[in-house]
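First, one chain by itself in structure tokens, the form predicted on its own.
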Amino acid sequence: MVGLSVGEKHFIQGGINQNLRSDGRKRDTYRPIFVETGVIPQANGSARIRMGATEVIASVKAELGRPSALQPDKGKVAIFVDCSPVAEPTFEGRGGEDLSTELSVALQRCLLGGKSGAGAGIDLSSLVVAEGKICWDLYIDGLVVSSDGNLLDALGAAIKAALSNTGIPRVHVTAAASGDEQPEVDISDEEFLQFDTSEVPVIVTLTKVGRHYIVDATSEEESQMSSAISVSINRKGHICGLTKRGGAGIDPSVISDMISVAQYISEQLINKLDSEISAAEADEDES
């Protein structure tokens, strides 16, 4: 929890009212975004994202598994977040556990759609090797290294970058199987399929402070918020998920306006993130 004096609170709120935040940004402007890919060699894909003083890492591990009986034509994705006490003293103990769970659930809602998989930003059908028999299970882990607000957007960006960096071994089914038997497969050590991230959304969080809402809030700004809405939006402008936090209610007409703003901002964010990911992968290839 950020402790601010009355004067500091008035300064933050006054700046937001005048569309000039304490770090010089406008209400609808993100902090500079920096991307580094391939930061964890043991993972199938990984990335580090920095937004201002907020830094997170996402890694993807792929393992062969069996599709669920309810969704035999889809693979499975699980997302877990760890809030390190090194990033923020308040993450020590129960505080960090509760936030880790909150972020994990929010990322699941924003990126994986409903329980049926409808609206998922990640194409689960692309993870199937043999329908009803074999699929890829993706385990996505997020780590908060340093925290200065807007963790959900940063983690969403890191996951998108890590998936872009992910190579999944090509699998050949060498012998079919009948009944409940598992088919025989050959897993290539040389051929890898790059994960298609063209439809993976970004997350845009709009934080309401006073009468206005802002993007990419810092910890100090978040301490003054009444509520926040996070919207995941893909390149087509389609909404893949939505989650809200904060106790104050929001008028439905205001939510509609916030979603429209998020759609506009998401286009800029996707272009910026894609550019940074491409530059990071080029640097990785050269090194």
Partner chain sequence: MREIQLSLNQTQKIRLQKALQKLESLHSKVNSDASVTVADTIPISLEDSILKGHGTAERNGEVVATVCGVVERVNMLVYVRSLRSRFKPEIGDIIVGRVVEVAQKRWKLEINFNQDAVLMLSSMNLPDGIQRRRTAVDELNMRNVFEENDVICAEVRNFQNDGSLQLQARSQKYGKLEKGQLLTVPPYLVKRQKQHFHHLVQYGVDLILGCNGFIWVGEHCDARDTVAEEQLNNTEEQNTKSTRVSENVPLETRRNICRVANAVRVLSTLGFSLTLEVILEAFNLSSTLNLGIDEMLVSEFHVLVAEKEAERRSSLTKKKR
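Numbering follows the first chain given and starts at 1. Keep in mind that what you see is a predicted model, and the values were worked out from it rather than measured.
The same protein also exists as the form predicted together with the partner chain; that form is not shown, yet it is the one meant from here on.
Participant: Between the options Gln263, Ser22, Gln268, Ser278, which residue brings a heavy atom to within 4.5 Å of the partner chain in the predicted complex?
Facilitator: After the contact test, the surviving option is Ser22.
Participant: Can you pick out, from Pro32, Pro41, Gly249, Pro252, the residue that has a heavy atom within 4.5 Å of the partner chain in the predicted complex?
Facilitator: None of the other options qualify; the answer is Pro32.
Participant: How about Arg50: is it within 4.5 Å of the partner chain in the predicted complex, going by heavy atoms?
Facilitator: So Arg50 counts as contacting the partner chain.
Participant: With the partner left out of view, is Ala282 within 4.5 angstroms of the partner chain in the predicted complex by any non-hydrogen atom?
Facilitator: Flag for Ala282 set to no.
Participant: Only one of these stretches, 241-249, 23-31, 255-263, 225-233, has heavy atoms within 4.5 Å of the partner chain in the predicted complex; which one is it?
Facilitator: That would be 23-31.
Participant: Taking the partner chain in the predicted complex, which residues along 7-21 bring a heavy atom to within 4.5 Å of it?
Facilitator: Those in contact are Gly7, Glu8, His10, Phe11, Gly14, Gly15, Gln18, Leu20, Arg21.
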